[in-house]
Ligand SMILES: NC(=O)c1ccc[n+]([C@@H]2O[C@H](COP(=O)([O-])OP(=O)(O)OC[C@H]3O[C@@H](n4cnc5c(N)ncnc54)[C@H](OP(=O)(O)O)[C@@H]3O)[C@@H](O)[C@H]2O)c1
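Take a look at this one chain, the form predicted alone, written out in structure tokens.
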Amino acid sequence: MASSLPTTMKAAVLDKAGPPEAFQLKSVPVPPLTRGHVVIALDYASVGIWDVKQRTGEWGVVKPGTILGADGSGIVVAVAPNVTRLRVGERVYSYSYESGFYAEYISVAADRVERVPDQLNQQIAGAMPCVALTAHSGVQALKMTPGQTLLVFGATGGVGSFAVWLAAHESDVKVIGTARADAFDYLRALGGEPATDSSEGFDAVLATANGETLPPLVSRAKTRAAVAYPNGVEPEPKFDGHPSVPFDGKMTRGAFESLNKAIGDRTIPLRVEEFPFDDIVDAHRRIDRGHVEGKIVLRIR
């Protein structure tokens, strides 16, 4: 099934590693529909720190014609004949490192695409795939029980925001989070409470980053309290006497379905900074400055 597709599209292209100004908006071919895939007309693309690592060459050589972006939201406009789960016209969100979301259209393996819950708008859906799936993996890996206390270090970033929200609302866990004072209200809206000098007795720690203030907080956790962290956090937050639980966000159909079940019919008070697609350089300048609360997205259309 397919709606009418153009032959070319606008995309943010990198021909070499560099600063934000290395992006060029170009006209490129619309990706073809292949077996097991769907084509999505993108509404929003997420901008993450992983994009910065790719843009700067930290994760390897940037080949000419590279299109970044690992996740986003949009409308299905074409479905391969062997895909029966998704239909043209459905609102979806997707997470896949095999495709570039900084474009008007993208072809993605159907198992890495899921319908957007009815109550969520496309902006939130576009911001959430990678960070929400990552946070969900972390909360699940800790196997916490209702009433326990979780410390989230970096609680108002992308992964941290969802870790707080999912732990508080799905797992019924008491969440204590680290945040700047001007983000305390946001943290509370997510379902957490700010960490204080007297905070202690944590049953587990989820560290979305590392820093000099993390070890003193871990020292106040219970004996053998596990410390979970996304793979890629450097240096790895390992502490004597506390089991390490590294994790990744999964891109499987099962992971998407599990996340949607965890979200249920609730809305998500995620803070989102939105930039028009044409302002992609400004979006990357913003993420380079750091201290992003919630997520940054590009409005593709």
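Start at 1 with the first residue shown and count on from there. Note that the coordinates shown come from a computational prediction; the quantities given were computed from them, not determined experimentally.
What comes next is about the form predicted together with the ligand, which is not displayed.
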Problem set entry | the ligand contact at Cys130 in the model of the complex, heavy atom, 4.5 Å | yes
For this session: Check whether Gly177 has any heavy atom within 4.5 Å of a heavy atom of the ligand in the model of the complex, and answer yes or no.
Result: no
Exercise. Taking heavy atoms only, is Thr134 within 4.5 angstroms of the ligand in the model of the complex?
Worked result: yes
Problem set entry | Close approach of Gly147 to the ligand in the model of the complex, 4.5 Å, heavy atom | no
Seminar exercise, completed: Only one of 23-31, 237-245, 48-56, 265-273 has residues with a heavy atom within 4.5 Å of the ligand in the model of the complex, and that stretch is 48-56
Problem set entry | Contact assignment for the ligand in the model of the complex, among Ala41, Ile67, Ala255, Val233, heavy atom within 4.5 Å | Val233
Exercise. From the list Gly160, Gly72, Gly138, Gly192, which entry has a heavy atom within 4.5 Å of the ligand in the model of the complex?
Worked result: Gly160
Problem set entry | in the model of the complex: members of 182-211 within 4.5 Å of the ligand, any heavy atom | Thr208, Ala209, Asn210, Gly211
